[in-house]
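Taking the form predicted alone, here's one chain by itself in structure tokens.
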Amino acid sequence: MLNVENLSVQYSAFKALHGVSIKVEQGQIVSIVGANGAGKSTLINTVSGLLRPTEGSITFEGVELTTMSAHEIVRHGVVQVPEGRKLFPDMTVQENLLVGGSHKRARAGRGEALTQVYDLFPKLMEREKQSARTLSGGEQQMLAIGRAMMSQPKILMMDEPSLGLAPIVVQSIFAVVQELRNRGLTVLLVEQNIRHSLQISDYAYVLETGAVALEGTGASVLADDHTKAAYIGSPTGSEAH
């Protein structure tokens, strides 16, 4: 479905990614994990068209994305939930959601998509007339996911969805990711919360200093001695960030 081959991205003299190859099959949750600064967000932003690669290829359903604008990539069904949510704080919940369904391919099914979002996140329906800034952190993350779903994605790319949230809210966000997969959506998950993300992933890649250091099923990467030593930390679950 999504194929990234030999991808390199450079900022001035700094090479943020070098020779990265990943594959995401339809209906999977695939995680990109690693420490802060490993290149995870650079990878997902390049797939989204926000950054340009210096080398390599990105194809989605056989279509080359590397020369497309970010808006064109969204229209092809590749949609990102950005780190930090990037909501419109003075717009209402409903207005934020409708913005997500404003492109031509999504507009016709906007009413049905809104119903699906409210079905997944009933709290958003309760707060649909409130401004986004009045929501809790967890509710704002729900809204960011819902806005992305309004674009009717074929693959949903989530950049650090658990960042800054209380542990109980983190659990609910990961449950939402699993529910999206159960509903047939493909998910590419970028996370520093390594234990949780690997537990729900069909496949995973570990990025270290801009390159793939390890890959395999979520369970096998979680069980790997290097992953345990470098990222998982103590048996109580503390993780390296």
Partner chain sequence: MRRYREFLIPVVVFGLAGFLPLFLKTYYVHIGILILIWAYLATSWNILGGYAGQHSLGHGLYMGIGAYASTYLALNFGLTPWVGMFVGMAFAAAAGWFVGYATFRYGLKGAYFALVTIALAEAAVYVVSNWKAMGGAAGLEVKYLGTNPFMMQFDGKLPYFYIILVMTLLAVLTAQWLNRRRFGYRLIAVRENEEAAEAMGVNTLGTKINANVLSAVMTAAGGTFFAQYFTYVGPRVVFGEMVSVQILLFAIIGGLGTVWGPLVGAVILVPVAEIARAELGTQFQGAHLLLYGGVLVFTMLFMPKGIVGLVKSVRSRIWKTPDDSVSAPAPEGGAS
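Residue numbers count along the first chain shown, from 1. All values derive from a computational prediction rather than experimental measurement.
Note that the form predicted together with its partner chain isn't included here; everything after this is about it.
K.L.:
Let me know the one among 91, 125, 166, 120 whose heavy atoms come within 4.5 Å of its partner chain in the model of the complex, would you?
P.N.:
That would be 91.
K.L.:
Would 98, 103 and 131 all count as contacting its partner chain in the model of the complex, using a 4.5 Å heavy atom cut-off?
P.N.:
Verified in the model of the complex; spot residues all in contact, yes.
K.L.:
With heavy atoms only and a cut-off of 4.5 Å, decide whether residue 74 touches its partner chain in the model of the complex.
P.N.:
It does: once its partner chain is placed as it appears in the model of the complex, residue 74 has a heavy atom within 4.5 Å of it.
K.L.:
Given that the partner is absent here, does residue 139 sit within 4.5 Å of its partner chain in the model of the complex, heavy atoms only?
P.N.:
Judged by the heavy-atom cut-off of 4.5 Å, residue 139 is well away from its partner chain in the model of the complex.
K.L.:
Hey, in the model of the complex, does residue 110 get a heavy atom within 4.5 angstroms of its partner chain?
P.N.:
Yes, residue 110 is a contact residue.
K.L.:
Taking heavy atoms and a 4.5 Å cut-off, does residue 82 contact its partner chain in the model of the complex?
P.N.:
Yes, residue 82 is a contact residue.
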